[in-house]
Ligand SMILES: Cc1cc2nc3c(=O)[nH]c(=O)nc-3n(C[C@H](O)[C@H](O)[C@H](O)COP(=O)(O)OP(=O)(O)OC[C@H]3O[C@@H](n4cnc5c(N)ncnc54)[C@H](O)[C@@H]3O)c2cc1C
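Here's a solo chain for you in structure tokens, the form predicted on its own.
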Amino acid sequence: MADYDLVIIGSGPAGMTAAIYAVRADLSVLMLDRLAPGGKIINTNEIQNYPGVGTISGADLAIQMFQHTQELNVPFDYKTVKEVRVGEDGVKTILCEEEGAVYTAHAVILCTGTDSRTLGVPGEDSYIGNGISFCAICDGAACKGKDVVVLGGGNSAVEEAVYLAGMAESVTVAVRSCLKADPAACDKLRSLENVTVLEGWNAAEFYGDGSLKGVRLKEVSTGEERSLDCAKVFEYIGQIPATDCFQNLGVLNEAGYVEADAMMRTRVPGIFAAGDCVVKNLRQVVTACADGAIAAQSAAHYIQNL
């Protein structure tokens, strides 16, 4: 006998949508997360492409989603999952790092998302949290009237650089190749007078004297170096799937992403996946929500046929 019909690991848009659909399918559900509900969207200044909402901060959208789950009485617990085991009877056991925290369920949905990738260059480890940030909305206020650097050229980098330009003295965006964000976002960034875009430049080293003072850049094609003094550096250079705790399940590809079919089923019966941790081409709030809805319906069908 399992504690729950379904345990959802992760409470970002995918996990919360899965919880809503699972409850409406009359399943007993538990949602677990090591962090606050909302996943990475809580660190996003503006979301403009979630249908029917218009422009909204990621934090506000996360709050609305979580409130929806609570209106449906979905249990939520702050727990860090370290392993999921599948018994011979098909019951899944979810072991957490917190002492004595063990749950069982007939089905599990993996919705753990991704973590921010780092560069691994000299000085980085010393200044993460002390000058290097991965969240403009969290740390941007401290940059008012100061010079900042943004590393990366994707949507997150460009959107957060635009946000920072509204408060910083100057914003320098350095990207290894070229800007790859939505054309409209790139146009807006380039139109800002206090923004400089350096394409074809890598970060080679972070320097300071206990707190960050700047970043040394190297041009990819020529090897030319230049140092930029700044108050803070924001890194947006990609994501790593947060799936280490699922390695024993045999559901990950070589890059660590969960392999799931169109119905969000993994190769292990009763294990489903949704959101950014899944192998997919587009990682957006709307696609995460779609994954979550499909995964919950697939889980309900699986449980009803046990």
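Numbering starts at 1 and follows the sequence shown. What you are looking at is a predicted structure, and each value in this text was computed from that prediction instead of being measured.
Only in words, not in the display: the form predicted in complex with the named molecule, which the text now covers.
> Classify Y236 as contacting or not contacting the named molecule in the predicted bound form by the rule of any non-hydrogen atom within 4.5 angstroms, answering yes or no.
Yes, contact at 4.5 Å.
> Quick check on T114: any heavy atom within 4.5 Å of the named molecule in the predicted bound form?
Looking in the predicted bound form, residue contacts with the named molecule include T114, since a heavy atom lies within 4.5 Å.
> Is R265 close enough to the named molecule in the predicted bound form to count, meaning some heavy atom within 4.5 Å?
Residue-level check for R265: no, no contact with the named molecule.
> Whether T172 contacts the named molecule in the predicted bound form should be assessed with a 4.5 Å heavy atom distance threshold; does it?
No, T172 is distant from the partner.
> With the partner removed from view, which of 142-150, 209-217, 106-114, 190-198 is the stretch that lies within 4.5 Å of the named molecule in the predicted bound form, judged by heavy atom distances?
The contacting stretch here is 106-114.
> Let me know the one among L30, C245, A59, V251 whose heavy atoms come within 4.5 Å of the named molecule in the predicted bound form, would you?
That would be C245.
> With the partner left out here, which residues of 153-182 have a non-hydrogen atom within 4.5 Å of the named molecule in the predicted bound form?
Result: S156, E159, E160.
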